[in-house]
Structure formats: structure tokens, C-alpha cells
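Before any questions on binding or motion, here is one chain by itself as C-alpha cells, the form predicted on its own.
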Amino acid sequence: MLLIDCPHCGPRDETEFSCGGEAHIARPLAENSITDAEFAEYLFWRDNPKGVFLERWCHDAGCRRWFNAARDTVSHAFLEIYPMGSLPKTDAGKAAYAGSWRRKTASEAAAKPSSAKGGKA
């Protein structure tokens, strides 16, 4: 059983939390003109690394607040817990953030020079 240190409530049992998936994913904006394939990539493709992974967590049975965590998927150890809207501060967290292919902003993804849409506007 894991003991998760909620930044708002302190250490609590893992059964009080839910994991909301990968943190810091660049999400498409409404005004982006991305293809169906690019949207499917955003919607369905997820990293499944062996090692440090950045995740979103919610304290469902407590304060109901969200936070981010850098967690080792091999040992299940939480390396760092940090607020939503901020970036990891540990070396392992920074490396995981820099190493992900999903950090490109939605406007950067929509403006790929190699994607010639052609035809209809």
C-alpha cells in the first residue's frame, strides 16, 4: 500500500486518491486546425515509461484538489509532489519533463511545416 503525501492534507492512504494520467500534455485549442489523425494521437497515445513519469493526481476522498507528481513506475516511489500549473524541480522530474515528446504546444503541433493540408480551407 502506498502512502501519498497530499500537499494540502498531508500523508494519506492511496485509496483516497485517483490518478488522472499524464501531466503537462499540450492540449489542442479550439482554433487549431489539426487533422483527425493528429487529434487521435492527442486523445489516445500515452507514454508508458519504465522510470520517472509525471502524473496528475486528485485527492478524491479528502480535499478533492489536484496536484502533479513525479513517480518512479518501477519502485512506485513518489519522487516529488508539486502544484498544478508549475513544473517539477527535482533533477529526475526535470529530465522526465524534457524527455517527453508530448510537450509541444497545440499551436506548434498545428503549424507543422511538413503537414500540407491542401484542398479545402
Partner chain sequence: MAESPDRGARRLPGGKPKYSIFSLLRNARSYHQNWQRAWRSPEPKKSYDAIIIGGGGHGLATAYYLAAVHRMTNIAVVEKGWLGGGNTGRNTTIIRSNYMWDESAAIYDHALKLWEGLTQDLNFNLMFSQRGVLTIAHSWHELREMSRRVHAIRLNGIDSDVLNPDQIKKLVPMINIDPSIRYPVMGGFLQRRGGTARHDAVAWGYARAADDLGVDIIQNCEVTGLRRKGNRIEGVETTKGFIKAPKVGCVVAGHCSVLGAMADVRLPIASRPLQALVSEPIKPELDTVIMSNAVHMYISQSDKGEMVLGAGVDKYNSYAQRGSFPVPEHMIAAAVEIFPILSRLRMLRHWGGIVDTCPDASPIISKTDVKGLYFNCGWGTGGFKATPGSGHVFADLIAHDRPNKIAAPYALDRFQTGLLIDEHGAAGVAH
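For clarity, every value in this text was computed on a predicted model and none was experimentally measured. Residue numbers count along the first chain shown, from 1.
This next part talks about the form predicted together with the partner chain, which is not shown.
- Of the heavy atoms in Asp36, some are within 4.5 Å of the partner chain in the model of the complex.
- For Asn48, a non-hydrogen atom is located within 4.5 Å of the partner chain in the model of the complex, even though that partner is not displayed.
- The partner chain in the model of the complex is approached by His76, whose closest heavy atom lies within 4.5 angstroms of it.
- Contact check for Ala40: a non-hydrogen atom falls within 4.5 Å of the partner chain in the model of the complex.
- For the partner chain in the model of the complex, the listed stretch (25-33, 40-48, 61-69, 82-90) containing residues with heavy atoms inside 4.5 Å is 40-48.
- Within 4.5 angstroms of the partner chain in the model of the complex, the stretch 50-69 places a non-hydrogen atom from each of Lys50, Phe53, Trp57, taken in sequence order.
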